[in-house]
Structure formats: structure tokens, C-alpha cells
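Same chain, two versions here, written out as C-alpha cells and called structure 1 and structure 2.
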Structure 1
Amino acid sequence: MAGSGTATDLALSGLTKVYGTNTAVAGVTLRIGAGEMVALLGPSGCGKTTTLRMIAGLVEPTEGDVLIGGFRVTRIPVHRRNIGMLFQNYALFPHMSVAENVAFGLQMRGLAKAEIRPKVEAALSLVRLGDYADRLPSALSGGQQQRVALARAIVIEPNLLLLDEPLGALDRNLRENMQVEIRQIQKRLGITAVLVTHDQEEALTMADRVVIMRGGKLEQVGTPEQIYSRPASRFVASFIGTSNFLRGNVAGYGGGMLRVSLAAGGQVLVPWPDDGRREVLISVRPEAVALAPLAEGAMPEIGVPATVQQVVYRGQTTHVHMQLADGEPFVAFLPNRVGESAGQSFAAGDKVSASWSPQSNWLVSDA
């Protein structure tokens, strides 16, 4: 099936959905390139699933348009949009064999049996279920049932693949394996895809770009690396992974660096233009932080003083939870070597200096 279907772009223009007095989606405008996978990510109620359902044609927008390949499909019913869909609950017909489930969409399109069989065989081969064609869904594991659902979605050679929390019912290890498999198949076929998920790691793993939604609006759009390393707001930095936040005042500028005096004591350098702001909020990821003992009453030249509250061993990393002088929490993720905990030299009550590279600092809006 390599190269099946026609890669096409997707455009959302001012897409809005209002239920009574509640605006579920508010003026979403987004363009997704042909062959691109984009993840819609955000907390419950942010509008990501409603957006996906409007793309599919399952929900009619209050305002705005959906364009697939440049054609306006806003009022076209779902069965005429040539879209493949993959859901969390698989939605397989229990009385049909694997092959019959995969063939169903082709039969609905009126294809002859002679055309259907090779397409079904190719789809099952692609998801590594060629030997399971005659089995019923009840005889398959959860991961195998999801592969059948994926084969059914792609066998129709869709222009667009929509995935709504597709791996939520699987255990962690199987979910991680399926993330890689679905991504490989999507790239191999070149299908434009939209993924809705609440799992940050899933979005970062599978998507070319991640769309963070909040309150029915787009908060930030970017590559996984951009979203993680350069969050636009405190909300994004908190929602994607873990982040520390430091308040401070700009004390000087030179060499392309802001020198910031922290409210918690100490100073840091931030690679940022002198844009006139004087009060700033800095985001720094815990894995960037290094710790060193600090004498009582001392102050690090570059960094922030802290008091260790708790040390938690997490396998690959040790999490050192601290409190800053202004009462704010702060955490460092220290990498462990085999048989050795990086945090073993720290204990609750220790005074430490937390420091990190200036390139790990990023200014975010306080929203």
C-alpha cells in the first residue's frame, strides 16, 4: 500500500463551535501540510476533540470552514470526505472476522470482491496481521485489535487520517510500541494525520508539530522541540513536562544576555534581547539543573540557593525537590549511572546551589 491515497493539506479557518452559552472552540485557524502529522494537545474541555469532530464532519461548526486539499468540505457529510478514523475503543464488528472488518469500508464504497481482497491483504500485511485474517476480534489482544482498526482506516486510501485518543486503552509498554508503529505507517503512506491526545509524551513522540489548546483557542503551535524548549507561556511550560519558574528583575544587559536578579536570591543569565521589560518570569527544565553543596548563608554567583526537601529515586533519574528562599518549589532531575544514584549525596535539610546553562533559560508570559 506504499504511496496509496493522495497526500493533501488541511486548513481550518475561523473554526468555531458554540453550545448554548458555552464556546467549545473559538476561531481556530490552522494549516496542516500534506503528509504532516499534527497533535492537538490540551487539558480536558480545551476543545481538541470538538475540533477533530468538526474536521471529520461529525459536528457542524457554528462558524468557520474546513478545507481538505483546498476544497471546502464544511457542509459535506462525513461519508463523503474520504477520511480514515481511529478511535480508542477500536469499534470493530464482533461477529465479523479480521478481514471482513477491514473490508467493510471498501464494500460500502461499492468495490468488487476482486478489488477488495488484495487491498485487505496489503493493509493487514502492513500492520503485521496477515496471518490473522480469519480470526474474530475476541481472539485478539488489545494491541492486535487496534492494528485491525488501523488497517480498516487506511485500506480505503484516505486523504486524511484522524486519531482520537487511539492508544488510551493500552498498557504503557504496548502504547509506546504502537506510537512508533502508527507513526512509521503514517510516514510510509504519506497520509496527512491529526492526532488528539491528552498524553504529552505521545504528542511529542508522534507529531511533526504540536498544537496546544486552551479554552477553545490555540495557545501555541510548534515542533515538539519548540514547544518543550521554548514554551510561550507558563501554562504551556507547566502542561508539557515539568518546569521550574523563577521571578526576577533585569539588572543589566551585555553580550546578548540579560542579567536577572532573582526574587529567591542569586542571579542568572538569559539569552534574550533587551526588549525593555524589567520584571520577568523564567522557565527552566529540571533536567538542566546541577546541584552543589552551599555553605550556610552563602550565595551562588550564578544560580539560586535552595533547601532540599525530599530526594526521590526514579530509576533513570533522581528527583531532588527543594524550596527556594521565597518559598517557591524547585526541582532537579539528576541522571543516574548504573548502580549509582546521583542524588545520594543530598538529604532533606541540605543547603545547595542550583545552577544551569544560560541556554536553558526561557522567558515566558505569566499566563
Structure 2
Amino acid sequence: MAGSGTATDLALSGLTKVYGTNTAVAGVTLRIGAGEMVALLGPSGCGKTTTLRMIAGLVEPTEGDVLIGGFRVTRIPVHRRNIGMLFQNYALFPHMSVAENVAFGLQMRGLAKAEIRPKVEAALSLVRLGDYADRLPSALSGGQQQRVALARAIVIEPNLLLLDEPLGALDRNLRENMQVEIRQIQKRLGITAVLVTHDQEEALTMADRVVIMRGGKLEQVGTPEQIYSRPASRFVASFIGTSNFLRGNVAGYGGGMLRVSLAAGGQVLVPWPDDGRREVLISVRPEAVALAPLAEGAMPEIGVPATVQQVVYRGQTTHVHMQLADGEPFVAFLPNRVGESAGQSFAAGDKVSASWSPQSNWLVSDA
């Protein structure tokens, strides 16, 4: 597989799809750099597949444009866009052998038999299926079938690789292996790729950047690290991983820190560049939280008072579920070391003080 080398960038501008009265995708604008892998992530029905299919040309946009390598392809039919695609159900041609499946795209491009053969062999050995060329797809496992589909998609040296929940039908272990394998091949060939998934781990593992979609719109775009540690909204923070939310009022600002007094009692410091808000919503990841016993009626200087409701041992961590004074839930993931379980010292009904470093605080919009 001689890497095609000509990586192309992708731009979506105001992409919109309306079905009857239902707006599936509402004005999506996004730039994806050459050789970059971007994951579209979001709850069911948020328009991920529709967006991907508009890029592919399988769905005609109601409005907006798709630009590949700067060229507007919105009116170019599917078969002339030179895009590789992986489907959730693999979509291998059941009446053709593995080699014939991979050769199909090259035949459509009018290549001679002698040119096709070495390309097919190279593509199959890239996905480590060189020995399976003459099998029918039905004689392969799910993981092998998706690797054939990958070989079939990349052998045409596509400008773009689209993946719609490509690993959804595989079991967990195989899925992780395939995530790494697809990612490596995508990087090696430098193909620009768009991955649709509703598995957050998959998105974080595979993508350079993650796009969170909600109700047909982009909610947040960023690297996995940005999305996880700097979520823009309550929605993103709770969609990616688990998060605690604390309401509070800004009581002061100094040294680049907001001092926020919490609705549930107690106060925290939030590093923030400006002092523009009064009422804030703070997101805190459970693994950042430390717990300490708290005397009845006392108030922590920094942190929030809470009442333990349930302690769940989970192997690597112990989850301590608590309730705050204003009735909101709060959870801490305490790390376990073999021999000493962090959660052992707490039991249901205990009063505790939950605290964390200011850097773990992040303000999110309440939507």
C-alpha cells in the first residue's frame, strides 16, 4: 500500500438536513485538517449519521456545502467523490470473495487486472488478511470482515475515510484492538477521517479531535483532553464521563481566582480569566475529589459538606455517593491501593467534607 500521500482537508459549511418538520442536522460548520481523525459523538438521534451521509453524498443536504480539499462536492454524485466508507454491518458483497470485494473499487476505476492484483494484495496484507483472499465474507469473523471492509475502503486511495459506528457489532476486547488497528492504519496512510460513534471511549481513543453533537448542532469541538477537562456545558460534562455540578454565587475575585460560595454550603476557588459572572455552575470530576471526616455542624473552609449515602467498591476505585445540603447528588471516585481501600473509612450517614484542587473546577453553561 503505497500511501497516497495526498491528504485532503474537509470543510462543512452550514450543513443542514430537514426531514419534513424534523431538522436532523442544523447548520453544522466544521473544518477538519488533512490527515486528521475527527469523531462525531452524541446521543442517539442527534444527527451524526445524517451528517456523515451528507459528506458521503448518500443524503442530499437541504442547505449548506461540503468541501473536500477546497472543492465544493455538494452536487457531485456519490460515486465520483472518492470517499472510503466503513459501515456498521460491514456491507461486504456476499457473493464475492475477499479479494473480489477489495478489487471492486479498482475495477470501477477502470484499472487493468495486472494493476489491480498487487494493490489488492498490499491492501489485504496491510490488514493482515493476506491468507484470506479467496474466502467468502460469510466465512470470516466480524473483526475480519471489518478489516476486509477497511482494505476495500483504503485500496481506492480515498480523499476521505468515513466510519459509521464501524465497531458497534464487535465484542469489547476485539473492539479495542480494532480501534488501535484502524487508528494506526489511518495515521500511517495519512487519510483524513470522520468517525461516528456514540461510544465516548471509542471517540477519545481514536480521534485527534472530538465533536460533540446535540440536537443536530455542534455543542463543542476540541481535543479529547479539552472535551474531558474543559467541557463547555453541563450536557458535554455529563455526556463524557461522570461529573458533579455545583451551583454558586461569585463572592469575590482576586489573583485570577473566583471565590464562589456554593448553594450547598461551603466555598471553592475557581481559576478563571474574568470576573464577568455572578451565578455560576461548576463542574467537578469525581476522581478529583478527596474526602475528609467533618464534625457535625462544622463547615469546611474550602470544599462542600456532604452526607454519605452509599459506598461501592469497584476494584480500581471506590465510588462514594453523597448528598449535598441542597439535595443535589455528589460522587467521589477514590483510588484503591491493594491492601488499603480508600472508601473503608466512610459509611452511609457519615458527614464528610469534599474538597479538590482549584484547577479541577471548571465553569460550564447550564444547558
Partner chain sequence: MTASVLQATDMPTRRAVLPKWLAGIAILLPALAFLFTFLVLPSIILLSYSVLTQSESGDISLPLTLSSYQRLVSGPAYRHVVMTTLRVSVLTSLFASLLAYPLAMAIAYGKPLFSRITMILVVLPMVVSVVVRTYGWQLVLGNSNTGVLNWLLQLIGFGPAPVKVMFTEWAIVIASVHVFLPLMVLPLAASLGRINPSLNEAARMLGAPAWRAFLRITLPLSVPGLLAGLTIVFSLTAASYVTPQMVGGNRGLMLGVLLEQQINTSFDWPMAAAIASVMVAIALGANVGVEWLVGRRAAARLRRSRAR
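We call the rigid core whatever largest set of C-alpha positions still superposes within 1.5 Å between the two forms. This one's a predicted model, so the numbers in the text were calculated from it and none came from an experiment. Numbers given to residues start at 1 and step along the sequence of structure 1.
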| property | result |
| --- | --- |
| Of structures 1 and 2, the one that is the form predicted alone | 1 |
| Rigid-core frame, C-alpha of Met96, shift of 2 angstroms or more between the two structures | yes |
